[in-house]
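What follows is a single chain, given as structure tokens, in the form predicted on its own.
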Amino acid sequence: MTVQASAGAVRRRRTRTSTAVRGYGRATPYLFLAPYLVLFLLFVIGPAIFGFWMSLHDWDFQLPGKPFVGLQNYKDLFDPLSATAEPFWHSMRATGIFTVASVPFLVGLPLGLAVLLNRKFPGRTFFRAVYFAPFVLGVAVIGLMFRYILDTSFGILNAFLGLFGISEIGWTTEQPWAFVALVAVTVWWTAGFNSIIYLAGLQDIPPEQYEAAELDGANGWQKFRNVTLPGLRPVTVFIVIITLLASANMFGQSVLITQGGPGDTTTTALMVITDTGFSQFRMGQATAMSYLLALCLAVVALVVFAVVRERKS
């Protein structure tokens, strides 16, 4: 009897211990995520909620009073007679032009580079580093460097074109050359990053798929269309979305190279938001603009994801 009672007590202790271990095991992922969740709440969710609260007020941090205006800041953006509507939508137009002009190059050109760099040839690693190198430079370095290269009077580019009898081009002072310059600089600067992502996706495609396509008599284009592109679909969705978001948030290139000109034709949405908030001290209107821009980008990203994502049969 004593032995049986002892055995029963041991089994009960083991059961309690096992239950505690299972409970602790279920909590383990959340414990590991806790530090990130705390930072996410403090630096993402918290500022987002506070920013929306600011957009509901006539917020000027220099004044003690910040009257509540509700959705008036948002309504003003759709009122042609308000002081904020015309500059904001004009800047949205410039942002849209730059995005539409740059994204195809930032998606297509890196794909071609990745396909070439995925082949085996002498110096492959060197060329991979060369194409990625511009991306490590800061926007201040890129902006100032190309500000001098593209200068109409003493820029290196116009001096080089002059050797072939080509007259001076106002890369930063005339349209459409200002947009051409901004798109070209951005592509040169960031294409290497997308190429590296594509390259990682290419290396995840099983070689057996290409071998099977060769056995079926597929040529190079057919293998690219039927094997490479479907294999890169998830990577392509990621690249298209992050490139759209990055292009729509273009700021430094325009500030440093064209300074928003000629006129205000290359003044992007972020430039107007920054000027409204930090120069005119109208924080409520600026945050309303930023949330409307974020909403537009979210809609575009969802549309792109729905169009490009893989269809399940």
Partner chain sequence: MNTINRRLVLGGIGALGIGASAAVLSGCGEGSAGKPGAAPATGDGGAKGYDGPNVELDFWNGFTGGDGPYMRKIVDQFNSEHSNIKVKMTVMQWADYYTKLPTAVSSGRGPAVAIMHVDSLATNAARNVIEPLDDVAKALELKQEDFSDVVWKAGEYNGKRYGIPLDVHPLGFFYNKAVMTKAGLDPAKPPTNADEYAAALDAFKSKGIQGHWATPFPFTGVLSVQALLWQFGGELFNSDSSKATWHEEGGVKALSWFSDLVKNGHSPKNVAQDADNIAVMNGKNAFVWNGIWNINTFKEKKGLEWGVAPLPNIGGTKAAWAGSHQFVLPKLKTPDQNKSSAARVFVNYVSQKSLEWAKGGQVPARKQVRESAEFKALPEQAALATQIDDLHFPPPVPGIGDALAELNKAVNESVLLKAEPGKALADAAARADKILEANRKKYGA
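Numbering follows the first chain given and starts at 1. Quick caveat, the model's predicted, so the values are computed rather than measured.
Here the subject shifts to the form predicted in complex with the partner chain, a form of this protein not shown in this document.
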Heavy atom within 4.5 Å of the partner chain in the model of the complex - residue from Asn118, Ser82, Thr236, Gln209
Ser82
With the partner chain left out of view, which of Phe52, Phe278, Tyr30, Phe40 would have a heavy atom within 4.5 Å of it in the model of the complex?
Phe278
4.5 Å heavy atom contact with the partner chain in the model of the complex for all of Leu63, Thr258 and Pro262
yes
Stretch in contact, per heavy atom within 4.5 angstroms of the partner chain in the model of the complex, of 119-127, 167-175, 135-143, 225-233:
167-175
Would Ser153 count as a contact of the partner chain in the model of the complex, using a 4.5 angstroms cut-off between non-hydrogen atoms?
yes
Using a 4.5 angstroms cut-off on non-hydrogen atoms, would Arg147 count as touching the partner chain in the model of the complex?
yes
Determine whether any heavy atom of Asp204 comes within 4.5 Å of a heavy atom of the partner chain in the model of the complex, and answer yes or no.
no
How about Glu86: is it within 4.5 Å of the partner chain in the model of the complex, going by heavy atoms?
yes
